[in-house]
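As structure tokens, one chain now follows by itself in the form predicted alone.
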């Protein structure tokens, strides 16, 4: 038995050794290294390093107004953009679940925006939403309406980010679509015989079947919304322009680590605080899921 166990262990390492090594190098080691850096005052290009203990965390939680501001912006962005993108994705999936001609073409068209790189999306929307030369405000001016400042006005910049972010709902839409296609048609037939309305069929038939997938998308939307970086970085010029209104937490983390004075230790502490926040919200999602996820709908 011992020889069999050793042979199985060798086979396991032979097949998974490279993956385990890669996981240790690219995941485990960076996590441990980042925690160590968070306890120091490490700076890029500075050799002298002092061990600070948890003083970086104390500075973050008690003496850093930009931390709280960036967290507030990220929470607003995530808790508005996330539900919005989920609703759009679910509605689009329900439309694409219908049996009509050329449905494959329509599904491809709906998914294409997700494939477009973020920098291209940001560039296009910067042109569309420019306060003076953008086509949106020019059309509004023809109608006698004064258009907003969009991404160049601190009062509307975050709302503009949220609006643009709804563009990329392709993955959630595909996940919803796969779940919708697994709902038995016989349940809808019974609901029709009972005279159920469209809303009643969604509430009592569709949603119970797709509720586990809905929960999965909620978790993804929460995490992706909080760690959203590319769009905010590009629209806010990498500095939270204007007036820190687009300074989401990942942008603040990047600026802290990779802009003068390159406070890598402090940024590592910021990353760990952010990790704990995301973990707490993910746990909250799991707790709330018991109220709407139906795991035994059959």
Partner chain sequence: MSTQGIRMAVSSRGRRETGRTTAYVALVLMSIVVLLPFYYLVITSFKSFEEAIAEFKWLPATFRFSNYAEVLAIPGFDFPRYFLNTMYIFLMKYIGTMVTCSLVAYGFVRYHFRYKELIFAIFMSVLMLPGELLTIPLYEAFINLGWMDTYRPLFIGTYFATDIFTLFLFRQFFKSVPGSLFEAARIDGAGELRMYARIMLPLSRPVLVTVFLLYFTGTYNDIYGPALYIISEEKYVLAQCIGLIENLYNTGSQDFLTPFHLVAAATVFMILPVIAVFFAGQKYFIEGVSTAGIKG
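Positions refer to the first chain, counted from 1. Quick caveat: nothing in here was measured; it's all calculated off a predicted structure. The term rigid core refers to the most C-alpha atoms you can superpose between the two forms while keeping them within 1.5 Å.
Keep in mind that the form predicted in complex with the partner chain is not shown, yet the notes after this line are about it.
Chemist: Since only the chain is shown here, I'm wondering whether residue 261 would be in contact with the partner chain in the predicted bound form (any heavy atom pair within 4.5 Å).
Modeler: Judged by the heavy-atom cut-off of 4.5 Å, residue 261 is well away from the partner chain in the predicted bound form.
Chemist: Is residue 142 near the partner chain? Define near as a heavy atom within 4.5 Å, in the predicted bound form.
Modeler: Looking in the predicted bound form, residue contacts with the partner chain include residue 142, since a heavy atom lies within 4.5 Å.
Chemist: Please determine whether residue 267 contacts the partner chain in the predicted bound form, using a 4.5 Å cut-off between heavy atoms.
Modeler: Residue 267 belongs to the contact set for the partner chain.
Chemist: Is there a non-hydrogen atom of residue 118 within 4.5 angstroms of a non-hydrogen atom of the partner chain in the predicted bound form?
Modeler: Judged by the heavy-atom cut-off of 4.5 Å, residue 118 is in contact with the partner chain in the predicted bound form.
Chemist: Kindly indicate whether 51, 207 and 290 are, all three, within 4.5 angstroms of the partner chain in the predicted bound form, using heavy atoms.
Modeler: No, because 51, 207 and 290 lack any heavy atom that approaches the partner chain to within 4.5 Å in the predicted bound form.
Chemist: 218, 183, 95, 159: which sits within 4.5 Å of the partner chain in the predicted bound form by any heavy atom?
Modeler: Exactly one listed residue reaches within 4.5 Å, namely 95.
Chemist: Residue by residue through 8-29, which ones have a non-hydrogen atom no more than 4.5 angstroms from the partner chain in the predicted bound form?
Modeler: Residues within 4.5 Å: 8, 9, 11, 12, 15, 16, 18, 19, 20, 21, 22, 23, 25, 26, 27, 29.
Chemist: Please state whether residue 217 has a C-alpha shift of 2 Å or more between the shown form and the other one, with the rigid core used for the fit.
Modeler: Yes, because once the rigid core is superposed, the C-alpha of residue 217 moves 2 Å or more between the shown form and the other one.
Chemist: Once you line up the core, how about residue 134: does its CA shift reach 2 Å between the shown form and the other one?
Modeler: No, shifts by less than 2 Å.
Chemist: Once the core is aligned, does residue 227 move its Cα by at least 2 Å between the shown form and the other one?
Modeler: After core superposition, the displacement of the residue 227 C-alpha between the shown form and the other one stays below 2 Å, so no.
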